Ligand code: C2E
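Single chain ahead, written as C-alpha cells, the form predicted on its own.
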C-alpha cells in the first residue's frame, strides 16, 4: 500500500476504556499506522498515529502513556525523535520499532536508558498483532502528571547544610546467597529528602560531593549510620555484612584507612564485617594513592569489592593490581541477560573470570525468578535486585526478611 500525504493523521476517536493506554505513534508507513490504530481500538486503547515529525511535535504532550516511534523516518531519524522526547519536562514511556536489525535496536534501547527515559519495549518489523497488543497492555498504567523528570538543582552549600542538618538518610538493599537463599548482608545507599518532602536520587548530588570537599564527609555519614544500624541488627540476632560505597575520590585521601579503622573500633565493630564497594566507573586520577589506601585498608582487615564491573575504565588492569575480593556485575548486563546475547555472554564470562580469580561474584538487578534460576545454575554467589528487595529503611529489614524466607522456601 502506498503511503498517503506525510501529514496525514489517523486519530482514533472511539471511547477509551478505563484501563486503556493513550498512545502516540509516529511512522511514515500508512499501512503501519492503520494497523496500529485498528489493534489499539480493538484492545480498548486510544491511539494517535502521525506520519511526520512536524505533526508529532504538534500532537506530543505528557498526557500520553506511551510513545511508539519508528527509527527509520524520511524527514527525521529515531534518535532525533528520542532527543526531542527526552528534552521534555514530563515524558511517557517510550518504545521503538524498526526493520533495521537487532544490533541497532539494542543500541537505541541503551540510548533510551541513558537519556533517563522509561523503556516500554522494542518491536522488530514485521511484528505480530499479539506483540503490539502486549506492548499496549504493559503501558496501560495511567500517566501521572506529577512525576516530573526535572530535578531540583542543588548546590554545594545546600548539600553541606543537608549533611549538617541531617536531611540525609541511609536505606539498605538486601543481598542474598544464591545457593541456599540465605540473607547475608545489605548495601548501604544514601538518600536525601528535601524540606518540601521530595526525595533526591543519589546521582543528583553525589557528583557535587565528588567535585568538592564534601565526598569524605558524605562517606563518613553513611559509614557512621551503617555502624549504628549494624549494631542494632546484630543485637537482634542478624549478624549481617554491611557494604558501604566508597568513591574513587575518597581513595585520594591517605588518611582514609586510619579514619575508617577508628570509626569502626569506636563503634565496637569489626572491620571485616564491612565490605567497601569501589565504583568501577570512576576515573582514577591518582593510581599510586589509590593503591596505597586500598592496601592499607586490606591490611587492617577490610574487604574490598569492585562495583558496577564492566562499565568503567581499565577494568582488567584494576583487577590485576587492586586487592578486590568481590566483583559486582553491573545491573545493565544482568537485567537483559536472558533476552540479549551480548549481555548474556558478558555475565557468563564475568562469572567465570571471578571464579578463576577466586573472587566472590554478586549479580545486581535480579528482576524475576527466571534470572535467579539462571544465575544460580551458573554458580553465581550472591544476588541483589528489586525482585529480592528494594532499598528500604533499617526498620523494614526484619519484616522483609520474614517475607523473603517464606518466598524462598517455595523455590524449586
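Numbering follows the first chain given and starts at 1. In this text the structure is predicted, and so the values were computed from the model without any measurement.
One more form of this protein, predicted together with the named molecule, exists but is not displayed; see below.
In the predicted complex, the named molecule stays beyond 4.5 Å of every heavy atom belonging to residue 29. Within this chain, residue 217 is remote from the site of the named molecule in the predicted complex, having no heavy atom within 4.5 Å. Within 4.5 Å of some heavy atom of the named molecule in the predicted complex lies at least one heavy atom of residue 247. Proximity of residue 336 to the named molecule in the predicted complex falls outside the 4.5 Å heavy atom cutoff. Checked against the named molecule in the predicted complex, the residues 269, 98, 295, 279 give one hit for a heavy atom within 4.5 Å, which is 279. Out of the listed residues 50, 37, 366, 351, 366 is the one that sits within 4.5 Å of the named molecule in the predicted complex by at least one heavy atom. Comparing 40-48, 366-374, 53-61, 339-347 against the named molecule in the predicted complex, the single stretch with non-hydrogen atoms within 4.5 angstroms of it is 366-374. The candidate spot formed by 188, 222 and 331 is fully in contact with the named molecule in the predicted complex: every one of the three has a heavy atom within 4.5 Å.
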